[in-house]
Every structure is written in C-alpha cells, then in structure tokens.
Ligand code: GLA
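There is one chain below, alone, in structure tokens, taken in the form predicted alone.
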C-alpha cells in the first residue's frame, strides 16, 4: 500500500538513498583507516509528513504499520532505524516534533549491502527537507551513524552512511574514515560490479564483528597507537610479534589500508588487472588473518575467478553473506551462467 492508502493524505516530501558494496577496505573503517565503497542501483525511499509527539511508519516490505512515542527506547524492530533518526536529530538540537513515514526498499536485506544505512540516510534526507533543517551531507552521515550506534545499538563505522550520503553512480568513494576527507574515483568503463550472494546466512556476523573490534583495540594498546591506522607497513615485525590472534587481526588491517591506497592508484591509472589482484589479496587476508570467511564463500570466490571475474572478494562483515566481483561487461551473462552451474545457490545483484 502507498502513503495515501495507509495514511489518507499526500506525503509532504520524499527522499531516497542507495545500498552499497565495498570494493576494498574491509574492517578498516572502525580502525580509522581507508575504504573504497560504491553505491548500488538498489534504493530505499522514504515519504514523510509532519506529526506531533509520535513517530508513525509503514514498511511496505513487511506490510507493517508501527507507532512509537518520541521518548521511547529501541524495541528491536525495523522502526528502530527511522525512530533513531528522529531521536538523534532531537538530541542534536534540531526541531523535529514527530513524523509520519512510508518506507519502501529494493535494497536486499541481510546480504551485507547496508540496507540499514540506506534507510537511515533516506530518513534523514526526508526529515531535512520536511523541517527545513540546515546541515550538509557529511553531517547527515554522522547523524545516521550516531542513530545506529547510540539508539539502535550497533557499533558500526561510518563508511556505509558516508557512501549512502555522498556516493555517485559509476564512482567509488575513496574515504579516509579518520577525518572524513573523500574524493570520487571513476570506476573502469567496460566492467560491471556484481554482488553475488552465497546463500549462506551471515552466522555470528554481529557477535563476530564486535569481537574483531575488541581484538583490534587490544592490539592498539600493545602497539602503543591510537588506531591501527597509525601502524605503517614498515612496522610489520612489531605486528607479527603480537600474541595470537591479535597479530593476524592487526596484520589484516595494516595491509588492507595499503591495498586501498594502491587500489585507488590502480583505478586512476586504468590498471584493472592490478585492482583485481588487490581484491583477491583482500579476500585472502580476510580469510586467513581476519577469519571472517567461510568455506562456501571461499569456493564462490574461486568459481567467480574461474568464470571470468578480474577480481572477487567477500564483502561486508563476513561470516557468510555476499561477495563482490569485477566482471567484463560483455561477459556478464556467460559469467552468471557459469557461476550458477557451479554454485546453484548463487543470487546476483
């Protein structure tokens, strides 16, 4: 049902935001490092009108309508995300009396394409228009992250919200998560970025994610740095001297930051082959050092390379979910057919 069918009147405004896939720079964002995501063609759309004292929303994907008071805490459901956006705006001093929203999304849920950040950014864009709020797109991304960390309770980095807010089609967003400086990097023409879902639910993704964060923090204490971002490649002897598994976790982050920097250079020089090699090296590091892959996901990466992908790697928090593959545009159909033959559970986005 549309906004009018649910609420009986026209929405005052609407806004949308995309899902994303990360090409390089996995698990570096909460280590104040470098990332290289790109927006996808899947979007979340939010239509909104003003309300007084409550948040009322209808999620078309779930055919559910929910209402929550402005002072109510999270309840562990989909309304936490738009409610968290209203909460964080009010916490920041913006005049938001309440809102009525209609939510509709084509971003696949649970695959690692950041459906939550798309919803947060779309909601904040709609509320910014609705109430004439004065903040820029970087501030919007910061507010979206705060909503997820402080209201929803997920200790996420800021990468997803930044690319949902600032990303442009056909470009990767090269982002320094420490100071939020960024620039757009043109993606190679003649190549398609495909997300391939392994069909394996992301087991232990949240608990595993939080464990990895804690391990990185412990490694920082032993290395005497504020963040693993501050450890150069030249200090690998000190990294390797850390106790297990901290040495592996730190080694992944340090080398992954270097891969992002080299990957940006490869893209700007049109060296697609090298970029693909860096994607594979990233997956190997995520598999062996960060230990967030699974045998089925590793198999899917190998199958994608076998059928013509220039590069492929797990994407997102890991422990299942999807991989990202860089495929020549003209070979996309044959690629999908070949992968499906060898891995029937694969789904393409």
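Positions refer to the first chain, counted from 1. Just so it is clear, the structure is predicted and the values come from calculations on it, not from any experiment.
Quick note: we don't show the form predicted in complex with ligand GLA, though the next part is all about it.
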_ligand GLA: the contacting residue among 127, 159, 254, 107 in the predicted bound form [heavy atom, 4.5 Å]_ = 159
_Sole residue of 209, 174, 191, 151 within 4.5 Å of ligand GLA in the predicted bound form, by heavy atom_ = 209
*Report whether the minimum heavy atom distance between residue 29 and ligand GLA in the predicted bound form is within 4.5 Å.*
yes
*Wondering, does residue 39 line up within 4.5 Å of ligand GLA in the predicted bound form on heavy atoms?*
no
*Should residue 316 be classed as touching ligand GLA in the predicted bound form when contacts are defined as heavy atoms within 4.5 Å?*
yes
_Looking at heavy atoms inside 4.5 Å, which stretch does ligand GLA contact in the predicted bound form, given the options 297-305, 58-66, 316-324, 43-51?_
316-324
